[in-house]
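In the structure tokens that follow, a single protein chain appears in two forms: structure 1, then structure 2.
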Structure 1
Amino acid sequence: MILVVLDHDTTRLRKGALEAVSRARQLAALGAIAGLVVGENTSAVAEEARKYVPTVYTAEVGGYTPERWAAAAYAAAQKSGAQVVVAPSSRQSRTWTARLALKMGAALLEDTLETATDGSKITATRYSFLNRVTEKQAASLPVVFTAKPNTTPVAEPQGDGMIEALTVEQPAAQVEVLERMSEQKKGVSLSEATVVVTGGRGLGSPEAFAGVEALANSLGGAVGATRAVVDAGWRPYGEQVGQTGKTVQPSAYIALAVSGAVQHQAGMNKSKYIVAVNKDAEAPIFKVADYGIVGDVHQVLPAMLEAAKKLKD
């Protein structure tokens, strides 16, 4: 049995959930698939989920805490007898799956690109060494793994599953949320964008990001930022790309006035094409760039915007 924990936004399943279902289907040798919808408004989301998996468990436990998610997934794994638990990879899931693996006495395979089984082991590929190395790992069952976003085709609906509500023993709350500063994303999400336009400290001011936004908009892409820019308070943390931010893999990654530190590269070095604009011809970003301009971003960016607009007309 395989359990898939289905990410949702309290009304619909997220894309990552449907990728995780595909991952579970690839492991058919290990038996049937059950899904878990955990959080708030789970019975409504379960109606969508039952189109993808034969059994849907719901766990109405309230807002996210890693302890609650781990407890719910553990209850569902026990109920279904699952030896493998799959979840879409995010910072959040990489926290609660660590707790779940411990509860299950399972091995944990994090942020996997591909997974397969021979019936007793799971093998997986993933990146390591700041995204520079690709490694193949193997672990005997039970296994908990997370699936990196945008690595797997989304699942097609299949049948009409049944829904079963689970009662989950709530762990004692040890963490109290006093305040949440959520960042509302407008437009294309950074992790899923096919074009990312990232601005670095060399832009000189938060105002200069108007040009970055305009270029991203005209290319149907998302805005990214370096840590230096986020630390300066110019851009929200949700836009940060790199080791301590998001990992992106777009078709085109356009880095404007970004030096290209290794920690930044850890979040973008798998992009299909990397484009750099920097006034310093020796900037490390040019070593990993496919295309680039050595020049002043304040002159090059407006001209790129003009040219991109002309392309659209």
Structure 2
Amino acid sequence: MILVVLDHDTTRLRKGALEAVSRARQLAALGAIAGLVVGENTSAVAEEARKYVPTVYTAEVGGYTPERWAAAAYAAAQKSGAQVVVAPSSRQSRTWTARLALKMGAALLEDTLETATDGSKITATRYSFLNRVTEKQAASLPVVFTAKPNTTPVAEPQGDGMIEALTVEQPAAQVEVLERMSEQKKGVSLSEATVVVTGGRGLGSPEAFAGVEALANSLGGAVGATRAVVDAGWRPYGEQVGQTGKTVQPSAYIALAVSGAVQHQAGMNKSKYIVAVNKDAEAPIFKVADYGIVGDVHQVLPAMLEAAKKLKD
């Protein structure tokens, strides 16, 4: 049995959840698939989830804490008899999957690019050394693993499964959450976007990001930013791409006035196509770019916007 912990935004399944279902289906030799929806007011998401997995467990545990999510996943794994638990890779999943692996006495494989099984163990590949090396790992069952976003096709619906509510014993709180602030962001999620348009400090001002936003919107993508931009207060931390921000792997990554320090490259160098615009012909970003434009971003960006508009029309 394989359990998929289904990430959601309280109203719908996220793309990463459907990628995780696809990973589980690739391991069909290990048995049937069940899904788990954790949180509060999970009924709407569970209705969507049952189109993708034969059994959906729901766990009404309230707001997020690593202890609650780990306890819910453990209860679902015990109920279903799952020897493999799959979750989308994210900053949140990193905080609870280790706890779950400890409870299950399981191996933990994080940020996997692909997975396979011979029936007794899971083999997986992942990036290492700032995404410069691909390594292969193997672990005997039981296994908890996370699937890196944008590495697996999303699952297609396969019918109507059943929904079963779980009773989860609430763990003792190790940390008291005094306040929770959620970033209000419209449009495509940075982690799930197939196109990312990132602006660097070379744009010169926060106002210049209006052009970055316009290009991202034209291409149906998301806006990214470098650490220098975020540190300057021009953009929110949720948009930061790099070693200390988010790792993205879109089909197209457009870097505008981004120098391309190794810490930034660690977060985007596995994008399918990389397009760079920088006035410095020696900028490190050009070493990883598939297409490069040496020029003033304030002259190039309007031309890119015009080309994107014609393409859209």
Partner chain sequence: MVALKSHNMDDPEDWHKASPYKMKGWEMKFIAILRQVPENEARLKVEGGKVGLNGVTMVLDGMDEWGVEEVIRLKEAHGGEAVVVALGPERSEEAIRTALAMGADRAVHLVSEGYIDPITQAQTLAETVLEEAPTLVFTGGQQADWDSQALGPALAEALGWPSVTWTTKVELEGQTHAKAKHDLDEGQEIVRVSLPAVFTSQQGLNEPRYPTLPGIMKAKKKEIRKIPLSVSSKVEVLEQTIQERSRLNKVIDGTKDPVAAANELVKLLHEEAKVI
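Residue numbering: sequential along structure 1, first residue numbered 1. What you are looking at is a predicted structure, and each value in this text was computed from that prediction instead of being measured. Think of the rigid core as the biggest set of C-alphas that the two forms share within 1.5 Å after superposition.
Peer 1: Kindly point out the structure, among the two, that is the form predicted alone.
Peer 2: It is the second structure that is the form predicted alone.
Peer 1: After superposing the rigid core, is the C-alpha displacement of G220 2 Å or more between structures 1 and 2?
Peer 2: Comparing forms between structures 1 and 2, the G220 CA shifts at least 2 Å.
Peer 1: Superposing on the rigid core, does the Cα of L203 end up 2 Å or more away between structures 1 and 2?
Peer 2: Comparing forms between structures 1 and 2, the L203 CA shifts at least 2 Å.
Peer 1: Kindly check if the Cα atom of T194 is displaced 2 angstroms or more between structures 1 and 2 relative to the superposed rigid core.
Peer 2: T194: C-alpha displaced by 2 Å or more between structures 1 and 2.
Peer 1: By how many angstrom is the Cα of G292 displaced between structures 1 and 2 when the rigid core is overlaid?
Peer 2: In the core superposition between structures 1 and 2, the C-alpha of G292 moves 3.4 Å.
Peer 1: Enter the rigid core superposed C-alpha shift of A303 between structures 1 and 2, rounded to one decimal in Å.
Peer 2: The shift comes out to 5.8 Å.
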